[in-house]
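Next comes just one chain, in structure tokens: the form predicted on its own.
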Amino acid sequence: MSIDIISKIKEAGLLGKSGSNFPVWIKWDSVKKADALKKYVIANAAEGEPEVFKDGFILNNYPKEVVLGIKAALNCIEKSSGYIYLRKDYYNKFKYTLNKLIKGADIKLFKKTGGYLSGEETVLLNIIEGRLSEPRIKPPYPTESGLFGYPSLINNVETFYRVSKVLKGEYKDNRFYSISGDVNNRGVFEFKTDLNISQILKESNNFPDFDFFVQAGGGISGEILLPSELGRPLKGTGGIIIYNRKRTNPASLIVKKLKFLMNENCDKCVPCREGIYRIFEMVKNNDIDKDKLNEIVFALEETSLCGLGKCSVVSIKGFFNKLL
């Protein structure tokens, strides 16, 4: 059965829904083949990206399917135990339902501590182990040395939901999208993965009739796109935020986002800790040195230890190149 489910996932072409778009079967196969006395399967429901709320929608509407996907991984990967790592409010809201569904299975619920960064996979591992909320240097990757040093499979909630669809023979190449901001129809929508952003907004009855820009992919890490740039598929965590140009001050908005990044920073690596603060100072003081900015952005992109620094560059570039 284990070989069969990996083959089915590979045949379906399922990609991870955490934002990485990494082929799911490769992760599963790596952990399954690892030589270890113990292994772990972890469903990541941290969902700390602002204005992205698809995982909460899935847990509210399809908890059975999520648990089915986790159990499939446990059956596939011998000597494994499971965790469902939940954002605090998700833990409080869904613990009763999930505890009923996992009864009798070797799966535990874990309430996330900390903020945005606590959803990064190596930070998540440290938190479960009772360590500091900071990222680990990779390699080794969690599939090689994860929780308590054992090979660990970490997938997003939606990924496990999609695995359940593969198991049932109901898989379609769909994904969930969170749409928010200056819209009339805020919510979570399910469409094909190859729809472009313009089509997603039209299909969800959310395409604006005013001058706007979007942040696509995530609320902090998402790319800044103008209306002429929406003919591309949506990447990242599946979030689209629409901003009305007339009612939005780009400088104030990026200051708000940079404050968020500073507050959520673990302070472990210099590029992220110092770089984001320097960019914040430039914008706040209206003293933008493009050469220094480019140097900081390069350092963030190339040397940050985790996605907070690396991914922040995407939106920072967009703000400075398109809006400021």
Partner chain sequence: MKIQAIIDDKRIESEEGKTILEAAKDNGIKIPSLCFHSDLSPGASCRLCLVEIKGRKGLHTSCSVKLEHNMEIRTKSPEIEKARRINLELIFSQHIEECDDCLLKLNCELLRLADEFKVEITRFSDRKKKYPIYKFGPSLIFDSSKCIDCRNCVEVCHIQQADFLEVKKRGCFYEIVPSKNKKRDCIYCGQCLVHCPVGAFEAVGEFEDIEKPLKNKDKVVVFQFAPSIRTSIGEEFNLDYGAIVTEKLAAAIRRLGADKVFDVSVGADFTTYEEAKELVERLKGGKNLPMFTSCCPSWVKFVEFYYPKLIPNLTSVRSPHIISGALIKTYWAKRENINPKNIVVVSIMPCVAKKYEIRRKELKIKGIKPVDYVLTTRELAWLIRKRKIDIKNIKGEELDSALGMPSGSGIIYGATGGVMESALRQVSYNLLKQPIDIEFKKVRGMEGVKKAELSIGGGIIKAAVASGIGNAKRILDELKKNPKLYNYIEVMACPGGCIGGGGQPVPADKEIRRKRAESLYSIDDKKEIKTAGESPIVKRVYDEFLNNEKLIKDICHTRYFKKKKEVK
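Residue numbers count along the first chain shown, from 1. Remember, predicted model here, so these are calculated numbers, not experimental data.
There is also a form predicted in complex with its partner chain; it is not shown, and the following applies to it.
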task = Within 4.5 Å of its partner chain in the predicted complex, counting heavy atoms only, one of 58 to 66, 42 to 50, 29 to 37, 295 to 303 shows up; tell me which.
result = 295 to 303
query = Does the 4.5 Å heavy atom contact test between C269 and its partner chain in the predicted complex come out positive?
reply = yes
request  = Classify V255 as contacting or not contacting its partner chain in the predicted complex by the rule of any non-hydrogen atom within 4.5 angstroms, answering yes or no.
outcome  = no
message = Taking its partner chain as it sits in the predicted complex, is E134 near enough to touch it, meaning that at least one heavy atom pair lies within 4.5 angstroms?
response = yes
request  = Indicate whether its partner chain has at least one heavy atom within 4.5 Å of a heavy atom of K284 in the predicted complex.
outcome  = no
